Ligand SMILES: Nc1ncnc2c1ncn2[C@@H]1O[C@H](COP(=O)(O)OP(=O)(O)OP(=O)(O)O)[C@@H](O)[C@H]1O
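Listed next as structure tokens is one chain, alone, in the form predicted alone.
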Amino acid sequence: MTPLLEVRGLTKRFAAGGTLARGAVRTVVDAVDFQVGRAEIVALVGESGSGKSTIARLIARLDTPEAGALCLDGEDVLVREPRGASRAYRRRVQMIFQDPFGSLNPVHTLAHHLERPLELHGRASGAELRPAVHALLAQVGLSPPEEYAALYPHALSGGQRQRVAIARALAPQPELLIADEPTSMLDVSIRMGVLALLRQLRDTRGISLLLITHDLASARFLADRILVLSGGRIVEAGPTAQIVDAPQHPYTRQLLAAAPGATRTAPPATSHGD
């Protein structure tokens, strides 16, 4: 079966900094290959500077690679849309950003944040908007949705803001969610609640998920497969249990040693009031 997303030879370079490095370039993503199947959760794991967030931005079409193919349903979108992503692509591929505090406009209500993508992507309009907003808020565990819809971002906790950001990404009814460190700025006590929500969305809606994280414990809990990234290259890949229980690459072993919770099989219970 054709994977939902296939990345082949993806490469990204940036100009090296400093006056002595004028004209020099640094390869941040180096000929990366991987796939994400339908209703599959894949975790891309690596330390800061490994290139994982750059890969996320390339797939979201927020940056342009120097080389490679980015195939959605078997079609290379870099060939079909060389000047940037179409609205149709953004409808199918949505991104959840790391910072729940900076991703919402403080002068608008939560209803406004969700109405815009619903209208923009033709998912609801007119009298349909308010029920659609309420349904999205309920789906991410913010109830009663009628009360949350009228709130402004400052009234929410970090975990609640991230749930709104997830609801906004769900509004176009995407097939693939890219979650770039979605819990790294949240308190430890509420991280698993957000990860459990993402897994529930896969189970109930069949959405594929690419999780970008430095935390192997989060990847262990959520992902079907793990890709380990170091220096812009994938150094190890496989089913989650295989990577966690029998890592082959020294870098993977280092990551596991730094994340003792990676071997935990069940997350602590958490509340949606986060």
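In this text, residue numbers run from 1 along the sequence as written. Quantities reported herein were computed from a predicted structural model and do not represent experimental measurements.
Below, we refer to the form predicted in complex with this ligand, which is not included among the displayed structures.
Colleague: Classify Ser53 as contacting or not contacting this ligand in the model of the complex by the rule of any non-hydrogen atom within 4.5 angstroms, answering yes or no.
Modeller: Although this ligand is absent here, Ser53 would touch it in the model of the complex, with heavy atoms inside 4.5 Å.
Colleague: According to a 4.5 angstroms non-hydrogen atom cut-off, is Gly49 in contact with this ligand in the model of the complex?
Modeller: Contact with this ligand, yes.
Colleague: Would Glu175 count as touching this ligand in the model of the complex under a 4.5 Å heavy atom rule?
Modeller: No, Glu175 stays farther than 4.5 Å from this ligand in the model of the complex.
Colleague: Would you check, heavy atoms only and a 4.5 Å threshold, whether Glu115 touches this ligand in the model of the complex?
Modeller: Although this ligand is absent here, Glu115 would stay clear of it in the model of the complex, with no heavy atoms inside 4.5 Å.
Colleague: Exactly one of Val28, Leu227, Val36, Leu70 has a non-hydrogen atom within 4.5 Å of this ligand in the model of the complex; which residue is it?
Modeller: Residue within 4.5 Å of the partner: Val28.
Colleague: Among 202-210, 234-242, 53-61, 215-223, which stretch sits within 4.5 Å of this ligand in the model of the complex, heavy atoms only?
Modeller: Looking at the other structure, the answer is 53-61.
Colleague: For 169-200: residues with a non-hydrogen atom within 4.5 angstroms of this ligand in the model of the complex?
Modeller: Stretch hits: a single one, Glu181.
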